[in-house]
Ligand SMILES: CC(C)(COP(=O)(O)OP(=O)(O)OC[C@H]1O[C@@H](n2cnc3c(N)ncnc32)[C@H](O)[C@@H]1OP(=O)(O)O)[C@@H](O)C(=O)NCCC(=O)NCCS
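We begin with a single chain expressed as structure tokens, specifically the form predicted on its own.
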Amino acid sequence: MNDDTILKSELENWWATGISDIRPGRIRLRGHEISELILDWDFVSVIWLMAMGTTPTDSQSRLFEAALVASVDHGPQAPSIAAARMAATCGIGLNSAMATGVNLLGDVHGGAGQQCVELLYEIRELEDSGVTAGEAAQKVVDAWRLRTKYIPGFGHRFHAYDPRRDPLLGLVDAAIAEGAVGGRYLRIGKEIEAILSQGRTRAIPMNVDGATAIIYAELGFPAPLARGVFALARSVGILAHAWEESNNGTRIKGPMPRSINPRYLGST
């Protein structure tokens, strides 16, 4: 093998991918011709194909779509939305305003879905080791409580009862009845909900992050991918809000009205 052949092989392997095959006159994604995807596939199924590398069933696609729709927007109360709206008034492009919002989706704001999937998987692994179902959930929740007072996917700072919970879990029930998913993670999620509500006059119900985490776990998504698809879904709301704000005519809009100054906490 000569040096040119070695160099060519190294270059070809530099960005080697199993996702896309792009050549002059050809675009194939995960082995499917782009013409097939354009004519026969819906966008949600293409997202699944690209991220998971497999073809979803109709039931899986419907469940996945519901999780995406539920995560689209939560108004300017959400820091990612507010930041995108502010950015849109600063003379940057719409794509940069969107990036500003997406870049705020971290462990605290936007990461609960991934963390809840990790929680569900941790309980499943303990069950698989021989610990009984209820006991496994209690042990893992107790361990998490030693690290943080916030259990991801449960309770909500804005909603006493998240209106997205029941529709999503109802769809999981339907998918279980169809045989599309097994239902193990739904059962675990409800066990966590019961544990967190023990001895309280006001229950701590599952929120959208918990309900979508159950969907992603039932569908077999790796936990980090749950955050990725949440960011993808929330990008829709970020786009809409940034576009609306960019058409309002306000320049350099800050986090509070100009007539109000932040309280000064200094001594003089």
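In this text, residue numbers run from 1 along the sequence as written. Keep in mind that this is a model prediction, so the values were computed, not measured.
The next section is about a form of this same protein that is not shown, the form predicted in complex with the ligand.
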{"item": "Candidate stretches 129-137, 174-182, 77-85, 193-201 - the one whose heavy atoms come within 4.5 Å of the ligand in the model of the complex", "value": "193-201"}
{"item": "Residue contact check: Asp107 to the ligand in the model of the complex, 4.5 Å heavy atom", "value": "yes"}
{"item": "Contact label in the model of the complex: Arg165 to the ligand, heavy atom within 4.5 Å", "value": "no"}
{"item": "Any non-hydrogen atom of Ile151 within 4.5 angstroms of the ligand in the model of the complex", "value": "yes"}
{"item": "Contact of Ser45 with the ligand in the model of the complex (heavy atom, 4.5 Å)", "value": "no"}
